[in-house]
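Below sits a lone chain in structure tokens, taken as the form predicted on its own.
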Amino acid sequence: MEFSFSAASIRKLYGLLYKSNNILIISHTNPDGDAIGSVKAIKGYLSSKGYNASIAIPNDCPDYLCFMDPDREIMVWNKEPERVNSFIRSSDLIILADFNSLSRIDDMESEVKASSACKILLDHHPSYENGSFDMVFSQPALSSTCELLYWLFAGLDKYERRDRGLKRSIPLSPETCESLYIGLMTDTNNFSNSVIPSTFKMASDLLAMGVDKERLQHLVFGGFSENRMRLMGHLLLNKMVVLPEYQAGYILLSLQEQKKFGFTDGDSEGFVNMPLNIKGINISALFTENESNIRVSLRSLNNFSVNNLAKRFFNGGGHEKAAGGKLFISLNDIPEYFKTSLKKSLECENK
């Protein structure tokens, strides 16, 4: 089963790309595999067509994904803000990938809002921010933004072949295929959630194009530090709390523990899923302490909506089974607050 976009939307996007001279691709703060996979895939696709495209993100990508940017072509705003701002101002097309609100790009938001460039959103999160984008490709039913891109590239290729009278498809580069696969693999937690038939069709196509899934799986899921593995053991043994009355589990990760285990951005990737491996646990949360707030990650296995939970109690949102947010309370207050939020949410859903 394939996914497709309307001919009118493909035609409009093709025209916007065709008349652009400087394209800037942006993804969200604290980028994950789908975010980095998306920007790298877009850059690879556009470069193969001869377009001048650059990438910028608000803060650095996690260590375990750095292999995706060997030439360090991704600009990082909090390292060189003036350079990134200059690119924003000189761009006539800005592509925003894997987020639904400009608040997700932190301090870059004001510059992007002030830009007169055409802004295109490519995303799979629900409820995108109205009024901030000139064109939107948003498909929450798809597993990942990288899956959206794969079918979007297919639509553009079909249009280009017809427009230029080409008989054959123009193949995606090996690097673009790998970027797409990494985004797909990571946002589905290695194909364990958020998948639909088109997801597996995309994966099959990419493997047929030469993607080495074992290599990429090892690089992504086996590329962590010794400190990260010891931190994971510590959290499982000493910090994971199970709430059988709510079919839930949670983990608290303090600043002190982050310092003790040499924590770096990305080290907690996948930690939120660990309680879900326990029989009878269908809701899971990871609370990570920062200097100014508590970062909240939420997951579920059943029909419980962590998106609604995040919106109502955690100043956030996301997908029905994968969401996040922030809290501005003490880490010590989290256990009682989380139990209260679960109780109220479950009571509401059971009415």
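Residue numbers here begin at 1 and follow the sequence given. Since the model is a prediction, treat every value here as computed from it, not as a measurement.
Keep in mind that the form predicted together with guanosine-5'-monophosphate (5GP) is not shown, yet the notes after this line are about it.
The partner is absent here, but in the model of the complex a heavy atom of 323, alone among 26, 323, 285, 42, sits within 4.5 Å of guanosine-5'-monophosphate (5GP).
At a distance threshold of 4.5 angstroms between non-hydrogen atoms, residue 119 is out of contact with guanosine-5'-monophosphate (5GP) in the model of the complex.
guanosine-5'-monophosphate (5GP) in the model of the complex comes within 4.5 Å of a heavy atom belonging to residue 297. Taking non-hydrogen atoms only, residue 317 approaches guanosine-5'-monophosphate (5GP) to within 4.5 angstroms in the model of the complex. Residue contact check for residue 228: none of its heavy atoms lie within 4.5 Å of guanosine-5'-monophosphate (5GP) in the model of the complex. Contact residues in stretch 107-140 (any heavy atom within 4.5 Å of guanosine-5'-monophosphate (5GP), taken in the model of the complex) are limited to 125.
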